[in-house]
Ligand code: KIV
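Listed next as structure tokens is one chain, alone, in the form predicted on its own.
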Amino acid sequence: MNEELSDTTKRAAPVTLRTLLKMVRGGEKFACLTCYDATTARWLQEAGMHMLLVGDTAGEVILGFPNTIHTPLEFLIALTAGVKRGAPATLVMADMPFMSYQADDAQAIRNAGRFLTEGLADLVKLEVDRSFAPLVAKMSRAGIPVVAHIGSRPQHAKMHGGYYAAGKSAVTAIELLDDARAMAEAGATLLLVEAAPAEVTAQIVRESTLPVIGCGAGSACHGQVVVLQDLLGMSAWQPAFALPTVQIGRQIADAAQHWMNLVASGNLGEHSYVMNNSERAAFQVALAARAAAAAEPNRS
């Protein structure tokens, strides 16, 4: 099956930024899911997924941290490369983690470049507002395709006492529109809007010259992204905009319990590693000789 999947992966037509732009111009929506490993990436490419996000949510769903700000840079670079190797024909977006771009513009550009070279990413995503426009412009000038993540920004959750929705008042809605415009003018390649009212996001889509990805931001967006574990029913808490389509978590638990029962019963199926008759006979002779040698000191 792995060989068959690999062949299918090789035959898949690659999804590029041009693909997304063509879809947007044609009124066709594109889909994105988070992904953190090569095996899952292969299956998502098999499904025809347009884009994969190696999100800093890996810190939560893979490493078990309580939020995204603990996700290590080196860890995300390695995961991104693994996902791209697993789905080479899929557009892969890398997430720049907390403090990998906020402190120093030069270091931010170097880190973003590492995601493109070592991490094999096609795009990098930053959580920004319009104050980051100069950095986005520098990255764009350096040839780095930037996805500007505006609206609710999980890396800023501590400033709000937890996760929050953006643009719910008239004032903050206009600020969100200004953020989107500033990012486009700075040279961003795509926008990602998280946790914003549908009418605000719809206005961003109307005004923007860029493709807009939504994450809990309404259906007007050109594309949508959710965390894969939410979609598969593996999360302890489900956001309303990412309700599960299956219950893989329950299936994993059931499979584990079935395996435990098989182990307890000794019913492990056919054992494929066998000796031929001559080797079995030789093994018995060797065992007898070994036992005799072990008993020899006791006789003396």
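From a predicted model like this one, the values you see are computed outputs, not experimental measurements. Just count from 1 along the sequence shown to find any residue number.
The form predicted together with 3-methyl-2-oxobutanoic acid exists for this protein as well; it is not shown, and the discussion that follows is about that form.
Looking at 242-250, 23-31, 49-57, 265-273, the stretch with residues near 3-methyl-2-oxobutanoic acid in the model of the complex, meaning non-hydrogen atoms within 4.5 angstroms, turns out to be 49-57.
Although the partner is absent here, Glu194 lies within 4.5 Å of 3-methyl-2-oxobutanoic acid in the model of the complex, judged by heavy atoms. Among heavy atoms of Val227, some come within 4.5 Å of 3-methyl-2-oxobutanoic acid in the model of the complex. Mapping the unseen interface onto this chain, His222 falls outside it, with no heavy atom inside 4.5 Å of 3-methyl-2-oxobutanoic acid in the model of the complex. Contact check for His149: a heavy atom falls within 4.5 Å of 3-methyl-2-oxobutanoic acid in the model of the complex. Not one of Arg130, Asp179 and Val205 is positioned with any heavy atom within 4.5 Å of 3-methyl-2-oxobutanoic acid in the model of the complex.
With the partner omitted here, the residue from Leu126, Met139, Cys215, Ala186 that has a non-hydrogen atom within 4.5 angstroms of 3-methyl-2-oxobutanoic acid in the model of the complex is Cys215. Contacts to 3-methyl-2-oxobutanoic acid in the model of the complex (heavy atom within 4.5 Å) from stretch 66-92: none.
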